[in-house]
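So this first bit is one chain, no partners, the form predicted alone, shown in structure tokens.
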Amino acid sequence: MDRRALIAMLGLAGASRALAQVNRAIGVKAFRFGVTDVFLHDGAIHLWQDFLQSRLGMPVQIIQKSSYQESLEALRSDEMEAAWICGFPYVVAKGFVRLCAQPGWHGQPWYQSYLITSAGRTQAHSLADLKGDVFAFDDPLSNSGYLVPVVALRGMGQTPQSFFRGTFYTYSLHKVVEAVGSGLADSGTVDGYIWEILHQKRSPSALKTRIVAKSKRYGFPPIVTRKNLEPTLHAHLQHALLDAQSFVEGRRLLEVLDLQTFLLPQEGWFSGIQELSEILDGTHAPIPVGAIYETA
């Protein structure tokens, strides 16, 4: 008897117990969940594993990728079932991934991209003030760490090559903060969620930086699954995440991530990132930088 038939036989009610029975019956392999360096917090990998195993009723393997491109390739090639990625990779990969759950920061599905520079550079108050800097990006597929400032530059008739003295990628938002705090970069672009957590925890690197400007609000990085994943398993993961607050393992995970809940995602939350993506690929006219960045 195949997996789908077994699930149908057991019914969807009491899904956790039913799925565990199915998994034992067919000797299921581990559920593979992807994360990147972008969102890693101390101890979070084990908490993700403990929570997902307890709610899915099956072994869970946490797969750490070093870039969003690697995460997308793993989802496309069925190397992973689900992953926590950024909104820009989601927009790029809509053909083979689907939204599952939206982390709620302060209970909301939004976040902002921050431009940062050294704490002592008090005269910089806008993107224009960073001209000629050595600038740190996160990942070429990061919304806050690449797409937002690059599209803003396009609205100014500039490119990173024409505007900055030099640029580099850190492939970690934490390392963008470290690069700016240490003086390796004059300025950089970072997820406001990450910067606020580091600053709240009195990170030495974060305390050596200040915010130059904040972007408008964009859809928070979502949890996605590959589109060819069995619908029952997608629904089971979604239910587990949306109900995370009801269980000890879920509350521990949310606390470490400084999140309050997981929300049922809506496609419209990513319309702003979709617009930026279309500007980047030339299918949408540039928009003024004032439509992207708010004042700090």
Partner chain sequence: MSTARPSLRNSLLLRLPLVAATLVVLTALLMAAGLGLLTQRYLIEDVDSGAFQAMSSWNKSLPTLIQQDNVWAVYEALTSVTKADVGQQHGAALAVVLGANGQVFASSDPRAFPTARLPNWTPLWTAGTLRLSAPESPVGSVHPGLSPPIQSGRWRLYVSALRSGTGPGVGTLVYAVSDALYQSRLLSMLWWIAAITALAVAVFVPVVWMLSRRMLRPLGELRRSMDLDGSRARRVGTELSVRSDEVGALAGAFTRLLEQVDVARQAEKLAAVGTLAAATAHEINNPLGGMINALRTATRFGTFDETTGRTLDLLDRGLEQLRTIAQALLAQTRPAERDLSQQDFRDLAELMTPCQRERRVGLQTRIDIPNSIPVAAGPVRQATLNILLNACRAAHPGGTLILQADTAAAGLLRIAVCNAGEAPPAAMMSSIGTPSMPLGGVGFGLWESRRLLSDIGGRLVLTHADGWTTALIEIPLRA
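Positions refer to the first chain, counted from 1. Computed from a predicted model, the values in this text were never measured in an experiment.
Omitted from view is the form predicted together with its partner chain, to which the following refers.
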Item to check | Listed range touching its partner chain, judged in the model of the complex by heavy atoms within 4.5 Å, from 87-95, 222-230, 183-191, 103-111 | outcome: 183-191
Next on the checklist: Residue-level question: is L207 within 4.5 Å of its partner chain in the model of the complex, judged on heavy atoms?
Outcome noted: no
Checklist entry - in the model of the complex, does E178 have a heavy atom within 4.5 Å of its partner chain? => result yes
Checklist entry - Are any of the heavy atoms in K201 no more than 4.5 Å from a heavy atom of its partner chain in the model of the complex? => result no
Checklist entry - Even though its partner chain is not shown here, does S126 get within 4.5 Å of it in the model of the complex, heavy atoms only? => result no
Checklist entry - Given that its partner chain is left out here, which of I197, I211, V134, M156 has a heavy atom within 4.5 Å of it in the model of the complex? => result V134
Checklist entry - If we check its partner chain in the model of the complex, which of the residues in 151-169 reach within 4.5 angstroms of it by a non-hydrogen atom? => result R165, T167, F168, Y169
